[in-house]
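Next up: the same protein chain in two forms, each one alone, written as structure tokens (structure 1, then structure 2).
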Structure 1
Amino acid sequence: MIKLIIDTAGGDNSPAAPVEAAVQALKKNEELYIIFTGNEADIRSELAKYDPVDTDRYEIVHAPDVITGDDKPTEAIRLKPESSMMKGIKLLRTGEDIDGMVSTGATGALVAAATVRIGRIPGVIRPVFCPIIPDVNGGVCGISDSGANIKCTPDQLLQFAAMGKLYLKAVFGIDNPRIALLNIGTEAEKGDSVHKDAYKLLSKVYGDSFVGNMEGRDLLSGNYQLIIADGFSGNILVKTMEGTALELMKLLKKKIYSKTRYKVGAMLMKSMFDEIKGFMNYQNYGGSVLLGTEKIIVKGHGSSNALSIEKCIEQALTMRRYNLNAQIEQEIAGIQEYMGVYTGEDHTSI
């Protein structure tokens, strides 16, 4: 049996979408058991819309409160223990047989709570938040870290590579991803001492899989499948990419509506624009994951529909079946000898 908590609040389509997703996933996966957290009455009325689900396969934990994007993450943890998310995190910590949690709630609160409250895989310094983005050639690329760790040591960055690599293998079947370090230039000596040291460390441990430093401009190029970054710059990378794509599509739309000739042209190209919109739609690539915690955490986009959340559940199931956390533990132990050598302290001067 694989036991997953489904946070039914906090997303744009909550609780309808998470409940529908869970019902579908239960149908398709016999070993799945679900713990819903959220408003019990609402969850029950959503469940009533579908063929009755065997009551042996789920339970509901009433949690009347909701964490929103307006709550400060650290305050949400302390002040909203009755929220669907914090009750979920508490269950995850205390319930030894619970494997993971899927949530479409506030990212900051989820990452902070899971990092602080859930134990780490032995050897892991800090968990890493890893979303998946598409590249223009139809491939995918993981960003490890994209916001869980503002400041990082070279050892942490190495571990981000170790965890991200196994995650890409488990969920996307990618062997030996092309790993790159986010930096402000491609030369080995670019960036501060942390980046210079991380470069050396990644070269030593991952050899040819580590293709070197990459610049923000190459994000969508398809040249890289796993980007290692401190959480500050990784966050800026992902959000800038997202914002630029959205603003350009908005600009395109505005311009199309400015002239009849453009409207006619756009009609001929409708299926093409739909394809591009699909390409840019995060939801088609599953959720973002927190790696390094003892339990599986999958974060779906706030605007996720039922299908996207079902994908997040499938992702959690795949991670569990692959025994990803055991693999991570082994990989982290295997690179232990490289740890502590590179401190990232200023040892160079221009």
Structure 2
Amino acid sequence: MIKLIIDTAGGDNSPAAPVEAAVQALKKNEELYIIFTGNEADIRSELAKYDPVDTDRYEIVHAPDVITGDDKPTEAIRLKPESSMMKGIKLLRTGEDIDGMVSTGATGALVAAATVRIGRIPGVIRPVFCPIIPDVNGGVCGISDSGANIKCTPDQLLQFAAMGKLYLKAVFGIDNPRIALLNIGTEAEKGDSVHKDAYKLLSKVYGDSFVGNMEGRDLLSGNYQLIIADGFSGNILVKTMEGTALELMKLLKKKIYSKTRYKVGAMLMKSMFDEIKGFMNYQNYGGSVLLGTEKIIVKGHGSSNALSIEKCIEQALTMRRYNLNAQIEQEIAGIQEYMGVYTGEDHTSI
């Protein structure tokens, strides 16, 4: 049995979308057991919309409060213990048989709570967010980190690569991803001292799998499968890509409706436009996993629909089946000897 907590509050489509996603996931995965956190009356009202769900496969933990995006993360953790997110985090910490949690709630609070209350895999300096985006060749690319760590050391960036590499193998079957370091140019000497030292570490540890620096404009090219970045740059990279895709679709729609001949042409190419729309829709790619914590955490986008949240649940299930955290601990131990070489820092006791 795999037990997952589903935070049913905090998202734009909560609690309807998380409950629907959980119901569908229960139908498809016999080993899955769900723990819902949130307003019990609302959860039961949503469950009543579907065929009877086996009560032996889920439970509800009443959590009347909600952490919003306006709450400061550290204050939310302290002042809202009855929130669906904090009730979930507490259960995850104390429940030895609980494997992970899926939430579409406030990102800052989730990262802070998971890091402080759940703890890190032995050897991991900092947990890292790793969302997945599509490339133009039909593949996927992970961004490690996309917002969990604003400033990073070379050692941390090396660990981001280690964790992202294993995640891509576990969930997407990519055995040897092409790894790149996000930078202001492709030349090895580009960037500040952190990026120069990280380049050396990545080259030494991952050899030919590390293909060098990447400029932001090449994100969707298909030439890379894992991008290593500090959380500040990675977050801007991902959100710029998402925003550009949305605005281009709006512009395309506006242009199509501006002239009759464009409308006729669009009708003839409808299937192609549907494919492009699906390609650009982040809802089709699940959530951002928080790699490096002792329990599995998957953060769905705040506006996630039921399909997207169901994909988040599938991500968590696959990570557990693969025993990803044990794999990460082993990988981190294997690269420990390389850490501190260029920074002069010793992280072995962290």
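Every residue number counts along structure 1's sequence, beginning with 1. For the two forms, the rigid core is made up of the largest set of C-alpha atoms that agree within 1.5 Å on superposition. All values derive from a computational prediction rather than experimental measurement.
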Q) Pick one: which structure is the form predicted alone? A) 2
Q: Please say whether, between the two structures, the C-alpha of Thr260 moves by 2 Å or more once the core is aligned.
A: yes
Q) Does Ser203 show a Cα shift reaching 2 Å between the two structures after rigid-core superposition? A) no
Q. Once you line up the core, how about Thr244: does its CA shift reach 2 Å between the two structures?
A. yes
Q: For Lys270, give the CA shift between the two structures in Å, the superposition being done on the rigid core.
A: 4.6
